[in-house]
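As structure tokens, one chain now follows by itself in the form predicted alone.
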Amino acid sequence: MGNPFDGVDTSNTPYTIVSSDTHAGLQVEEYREYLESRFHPDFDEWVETRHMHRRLMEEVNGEYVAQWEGENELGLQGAYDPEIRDKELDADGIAGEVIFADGDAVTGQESPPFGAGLAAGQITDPELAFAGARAHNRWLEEFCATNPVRRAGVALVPVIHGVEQSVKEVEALADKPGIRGVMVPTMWHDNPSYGHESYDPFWAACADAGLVVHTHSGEGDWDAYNGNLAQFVLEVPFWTHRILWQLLLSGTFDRFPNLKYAVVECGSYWLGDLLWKADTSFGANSKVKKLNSMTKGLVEKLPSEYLGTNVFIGASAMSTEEIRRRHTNGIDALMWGTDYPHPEGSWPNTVERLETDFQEVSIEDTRLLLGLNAIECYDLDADGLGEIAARVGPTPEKLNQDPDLRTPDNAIREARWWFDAYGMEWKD
């Protein structure tokens, strides 16, 4: 499986932290200048629906809205103000960030036109889906250009609404400074699922452009919930990472070995058990491979072997339990994040989270989780980020870590217990 700890700095040098999950976006009205004029009438109607949504949120959850916005008024402006944003990143000890759309997760006032961000799958008009995406992408290019070393923007490409047009979008985005990936709709609805061969030109274009493909938590099977939001909360991680198994088990990563995919903001607690089941389906001894004849040759490697090369997990502010399971779930694939400026993450209490959650973690593991995996995934400027980290990053000592604690050489081997239990070959 290789050793991801080789060469990792175990000194007290400040951590280069890259948040794998942050958000940015304009106030909805301000997207107008980035949108093609023929869509302005539709846009004006859509803006009014956003304001109606805010009024509804104020009616049903006004106390929380007032408290959140009142206590964090200045920092929330970093969703669209680069100077304020950099100050917030500095205060959190963050050197770099991966930026997704939809800056306002509370009242939805910083959403791309027509819901082309986290809700793009729900758009029924392909023209509006692409128009809204392009408007956000135009702004995102400008925003990332304010500090391209620090900002890795994730552009919007609603591929379910048109593969050929999406390929053209990827080709246009390929040389834009600061753009490091694309986000596709989490759910495909009535369109072919992502394992279908019709998407192959798109995966090829992303691989050739070096743009990481993403799905991000946000959409769910709304028609099935009967208005019960609690069901969405529990199910949304499933819908978010379902594309992973579509891509992996359709052999997409074998056909396009340079393709990278990251599933973001749905935790990592679900991953270990699924890897166990997937690995044993394709690599266990014949006594338990009941479907051997049907699955033989489906993928070239075990599912867990694609982690850290083709597959990465933007697990946001990982729980301490998820950090504990890091060797099972993929120490070379997991990427920590703040979710700034959303309330679900660690901001504005990132410093406290870092100083408590990583106390029992080795320095080499911490460097991988907090930054090195993201630098590898997005091919970021490690030296440039290191200069920022030298100024703002916390040291292992600051995180209350034991400088003598080392990760055992067999840590991953021991964590992936199913190799022994099912008589599977372990590849060094």
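Since this is a predicted model, take the numbers as computed values, not measurements. Position 1 is the first residue in the sequence shown; the rest follow in order.
Separately, the form predicted together with a further copy of the same chain exists; it is not shown, and the next lines address it.
The closest heavy atom approach of P148 to a further copy of the same chain in the model of the complex falls outside 4.5 Å.
Interface membership of L274, defined by any non-hydrogen atom within 4.5 Å of a further copy of the same chain in the model of the complex, is confirmed. Heavy atoms of E321 reach within 4.5 Å of a further copy of the same chain in the model of the complex, making it an interface residue. Contact check for Y80: every heavy atom lies farther than 4.5 Å from a further copy of the same chain in the model of the complex.
Distance criterion of 4.5 Å from any heavy atom to a further copy of the same chain in the model of the complex singles out Q231 from the list N72, Q165, Q231, T107. This chain lacks the partner; the member of K301, R138, K176, R325 within 4.5 angstroms of a further copy of the same chain in the model of the complex by a non-hydrogen atom is R325. Against a further copy of the same chain in the model of the complex, the set G195, R242 and W417 is in full contact: each member has a heavy atom within 4.5 Å. Note on the interface: of 203-211, 89-97, 216-224, 116-124, the segment with non-hydrogen atoms within 4.5 angstroms of a further copy of the same chain in the model of the complex is 216-224. The partner is not shown here, but in the model of the complex the stretch 332-349 reaches within 4.5 angstroms of a further copy of the same chain through a heavy atom at E344 alone.
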